[in-house]
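Below you'll find only one chain, the form predicted on its own, shown as structure tokens.
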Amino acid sequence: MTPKRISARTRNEWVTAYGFLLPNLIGLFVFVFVPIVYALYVSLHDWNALNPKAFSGLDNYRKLLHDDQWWSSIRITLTFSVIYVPLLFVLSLLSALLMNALRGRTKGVARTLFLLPFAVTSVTSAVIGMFMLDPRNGVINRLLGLIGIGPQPFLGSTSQAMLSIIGVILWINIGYNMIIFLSAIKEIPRDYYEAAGMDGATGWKSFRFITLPLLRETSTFILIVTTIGSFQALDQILVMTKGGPANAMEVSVLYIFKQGFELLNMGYAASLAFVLFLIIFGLSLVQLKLFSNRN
């Protein structure tokens, strides 16, 4: 049986497609795969970034198994992710549904207000959050005072610091995820809702049996991306609390940052980073398996 010949037009289309993909593939290779391999290489050495690397084998990995502070940072990161990811998902979806229901100029104004925080840099947003959460003169405490609630320590409390930072990061990211959900909602044919309405389906039933199932792929994407982002949260935490109070917000990435750039334990920091990469990769595969569409 003779192999099927590829036409010149098909060949040109493939060349064009890969030509467009090439810059992204190069960027992915240079800025993702190479650093991962290099981190693995560095993790097998004792290195302080000043002297030559000394091969140490798996010593760094043996060390992290008995590092209580590292496992504490993993626990804090997991707690942060378990609270942050569902909140961001639900609030972004509700915001998209609200935005889809708005009409006229109100919709444009609301969309702008939602997206403005995302346009602010992470450090700037952290500084704004610190001013708003200031225990003495912060806007949040002043608003609480209007309804008879006394001043709260927020970032100065081990029990409130995480929720305070989560609130700031939610404020930044809801608008971006809302736009993704809104774009997916706009792609759902109106015929489905009209047919459901003729069968007597209410708004809740239409959402449950039409909107939510057809948002499955978008939901999977947002859940995976936000989970990865929650495990990589650093900027706001570093600026707002530096891991405090009493290490209550010392997440894994911050602990790796301190080991590498403050204590100059580059080899050990690389081993921690590689283990964190494996954790994130594993969680992403589990989420993809659980939430992806099954044919």
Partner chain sequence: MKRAIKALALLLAGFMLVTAGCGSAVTKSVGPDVSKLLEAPNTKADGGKIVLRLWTFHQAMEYHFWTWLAQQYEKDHPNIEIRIEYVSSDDYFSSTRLLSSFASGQGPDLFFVSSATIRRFADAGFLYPLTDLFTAKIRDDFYPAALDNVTVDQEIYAVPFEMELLGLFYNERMFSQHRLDPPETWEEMMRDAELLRTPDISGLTIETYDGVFKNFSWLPFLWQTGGNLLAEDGSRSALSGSQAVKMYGFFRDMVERGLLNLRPSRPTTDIGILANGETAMQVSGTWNIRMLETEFADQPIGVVPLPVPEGGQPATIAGGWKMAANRQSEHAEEAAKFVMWAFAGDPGIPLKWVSDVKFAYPPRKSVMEAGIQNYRKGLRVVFTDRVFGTEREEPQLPEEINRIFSDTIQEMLFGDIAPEAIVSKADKAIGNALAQP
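Since the structure is predicted, the reported quantities are computational estimates derived from the model, not experimental observations. Numbering follows the first chain given and starts at 1.
There is also a form predicted in complex with its partner chain; it is not shown, and the following applies to it.
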{"item": "All of 49, 116 and 127 with a heavy atom within 4.5 Å of its partner chain in the predicted bound form", "value": "yes"}
{"item": "One residue of 54, 65, 246, 58 in contact with its partner chain, assessed in the predicted bound form (non-hydrogen atom, 4.5 angstroms)", "value": "246"}
{"item": "Contacting member of 82, 195, 101, 212, with respect to its partner chain in the predicted bound form [4.5 Å, heavy atom]", "value": "101"}
{"item": "Residue 136 within 4.5 Å of its partner chain in the predicted bound form, heavy atoms", "value": "yes"}
{"item": "Residue 225, heavy atom within 4.5 angstroms of its partner chain in the predicted bound form", "value": "no"}
{"item": "4.5 Å heavy atom contact, residue 240 to its partner chain in the predicted bound form", "value": "yes"}
{"item": "Residue contact check: residue 185 to its partner chain in the predicted bound form, 4.5 Å heavy atom", "value": "no"}
{"item": "Listed range touching its partner chain, judged in the predicted bound form by heavy atoms within 4.5 Å, from 200 to 208, 92 to 100, 74 to 82, 187 to 195", "value": "92 to 100"}
{"item": "Stretch 234 to 267: residues contacting its partner chain in the predicted bound form, 4.5 Å heavy atom cut-off", "value": "240, 242, 244, 245, 246, 247, 250, 255, 258, 261, 262, 263, 264, 265"}
